[in-house]
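Here's a solo chain for you in structure tokens, the form predicted on its own.
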């Protein structure tokens, strides 16, 4: 142990060390795990040594990037955490429109650098989310209809595989590994850096954000469906069912009121976006309207305050097809039954560029889904934990049965309780190919704190 620690540039924390409890904490307050070691890597060489140490001692391995994953896979009990949070540099080449991003960076750090040049990579909608976790299993956000998932903009990765080798993976170098990483990446190693293609976005965008009473939701959701049917790819629409947050930005008399927020980001010219999105404000009478122009980076961080570290989160999702009246009515019914005012039922439109990529072009197979129904159950009272988790599981199972879908977006799977059945269904026809890749690159299943794909035994 002393020899291992002495060779690192970064530090090693163990139980009892002053910084240990802070370092083992993740965003989800439901997760309370105590690893034996936390290796705070400062470069790829530290990652190589940490992987080798874990393999030699047979330690359970977690990889920590942004530590935003609701399932808490960034930390474990009794094993080793390979912590990349000190590896968060972002380098932009504006002429080639690419960014090189280390594995511990967050999307806020990426936007900070890329927006100097009016460029962006498709990422999430909470700026504190880690780039690695979001990208390796999909990557939804406001740009996915125009530019695809976050993983669709990957040009290459640097990855440390289970044998301790540092590999580049791209379309031309280790192409099978690159295929597998784009959708199932945490199964194959520690990604120490990503190379993204960048796209022109901002620096200012327009977004429609009218807030309607939940009483208007049945009619508004049908108008949302009709709008989405012909919306150009520059629109990133989602219908969010929530309650007015009890913060000073909202009138006190509205706090706690159940609402439907229609959020549509337009990634093109703001003037054009404002003109095209004006009809959205007339779908019903808004109780509030937050529509307007904003710098892209500000828009990308507007939800940060509502998902603080230490809150309680249990999120599950279903990928669905055509939005029938029955489905829309069911979504409203679910929204009216949320177990916490902080819980969000989110109905994202997919399609666009996501669906133009062949289902076997990357490991992410579910390219034909039209919408994502996400039960983003969040709460802050620990006494509500059992009720909130039970509601989410029951609602997810009922919707799964009612609409005959067993496909999930693998970044939102609760704690992944369904294990192999869920993973098989979500990877579909790509699953057997992923098993073969796993057997090649991680035959001992060293990397298994994830939506795991076991190697052939």
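Please read all numbers here as calculations on a predicted model, not as lab measurements. Numbering follows the first chain given and starts at 1.
Here the subject shifts to the form predicted together with a small molecule, a form of this protein not shown in this document.
> I need the one stretch from 229-237, 119-127, 88-96, 216-224 whose residues put non-hydrogen atoms within 4.5 angstroms of the small molecule in the model of the complex.
Among the candidates, contact is made by 119-127.
> I need to confirm a contact call. Of 373, 343, 208, 190, which residue comes within 4.5 Å of the small molecule in the model of the complex, counting heavy atoms only?
That would be 190.
> If you check 265, 157, 81, 132 against the small molecule in the model of the complex, which one has a heavy atom within 4.5 Å?
Comparing distances to the small molecule in the model of the complex, the residue within 4.5 Å is 132.
> Any chance residue 137 has a heavy atom within 4.5 Å of the small molecule in the model of the complex?
Residue-level check for residue 137: yes, a contact with the small molecule.
> How about residue 63 - does it come within 4.5 Å of the small molecule in the model of the complex, if we only consider non-hydrogen atoms?
Yes, residue 63 is a contact residue.
> I'd like to know whether residue 407 contacts the small molecule in the model of the complex, with contact meaning heavy atoms within 4.5 angstroms.
Because no heavy atom of residue 407 falls inside 4.5 Å of the small molecule in the model of the complex, the answer is no.
> Indicate whether residue 449 is a 4.5 Å heavy atom neighbour of the small molecule in the model of the complex.
Residue 449: yes, in contact with the small molecule in the model of the complex.
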